[in-house]
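For reference, the chain that follows is the form predicted alone, supplied as structure tokens.
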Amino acid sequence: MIISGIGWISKGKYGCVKKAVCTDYTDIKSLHSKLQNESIFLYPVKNFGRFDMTSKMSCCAGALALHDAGVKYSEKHKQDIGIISTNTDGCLKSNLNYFRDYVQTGRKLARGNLFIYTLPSSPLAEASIHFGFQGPLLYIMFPQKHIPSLLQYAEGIISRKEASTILAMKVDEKKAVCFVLRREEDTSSK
């Protein structure tokens, strides 16, 4: 197994390791706009404005990692790529924001027009839908050593041949890092 690309996002900066990209941004809207203008997003992300912040960061970090690895994707061509993620809070902040709105406005029923990201796997699902992935999708919370544990888990998925390529990301509302992992023999022809 090899790591063929790494994308990352921190406060005010984003980049790709292999392509040695390091660029400034001001907020998630400007990051999204820059990734579109630089053709890192190969086509517009449907409903990006409705995503919670973790979903936005997941899509942006995934696009950076795929760009770094030279992996192309399209809306019409589905690929055997899986996606796994870890963080410390899942989608807790989105749930708290929703509940705060619910209590403060005195609601008795849910709002039918508002989707709430209740599951920690929801950001991965949004990214997987955008990139056309058909492989495994999994959120895992590790008690410690998040990134080494995440990479080890991804390697297990690949070695069991559950997917040929995995996006493994540690992402929250403020920062993200995403790795593209492949079987070594799969990279020789790409």
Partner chain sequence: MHAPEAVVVACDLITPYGLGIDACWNGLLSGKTAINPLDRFDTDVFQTKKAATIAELKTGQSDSLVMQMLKPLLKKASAIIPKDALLILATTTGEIDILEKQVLNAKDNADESALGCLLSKVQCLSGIRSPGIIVSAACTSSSSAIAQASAMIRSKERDCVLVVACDIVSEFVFAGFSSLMALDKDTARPFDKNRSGLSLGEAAGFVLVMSKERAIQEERSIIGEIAGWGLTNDANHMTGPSRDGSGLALAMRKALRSADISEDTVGCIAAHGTGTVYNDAMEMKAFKSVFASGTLPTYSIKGGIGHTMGAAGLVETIVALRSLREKLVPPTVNLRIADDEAEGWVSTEPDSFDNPVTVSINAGFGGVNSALVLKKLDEQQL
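Numbering follows the first chain given and starts at 1. What you see is a predicted model; the values in this text were computed from it and never measured.
There is another form of this protein, the form predicted in complex with its partner chain, and it is not shown here; the text below is about that form.
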item	value
Contact flag, T105 vs its partner chain in the predicted bound form, heavy atom cut 4.5 Å	no
Contact of P44 with its partner chain in the predicted bound form (heavy atom, 4.5 Å)	no
Any non-hydrogen atom of Y139 within 4.5 angstroms of its partner chain in the predicted bound form	yes
4.5 Å heavy atom contact, R100 and its partner chain in the predicted bound form	yes
Listed residue (A125, M53, I40, I147) with a non-hydrogen atom within 4.5 angstroms of its partner chain in the predicted bound form	A125
Contact check for S121, Y153 and R160 against its partner chain in the predicted bound form, heavy atom at 4.5 Å	yes
Stretch 31-53 - residues with a heavy atom within 4.5 Å of its partner chain in the predicted bound form	none
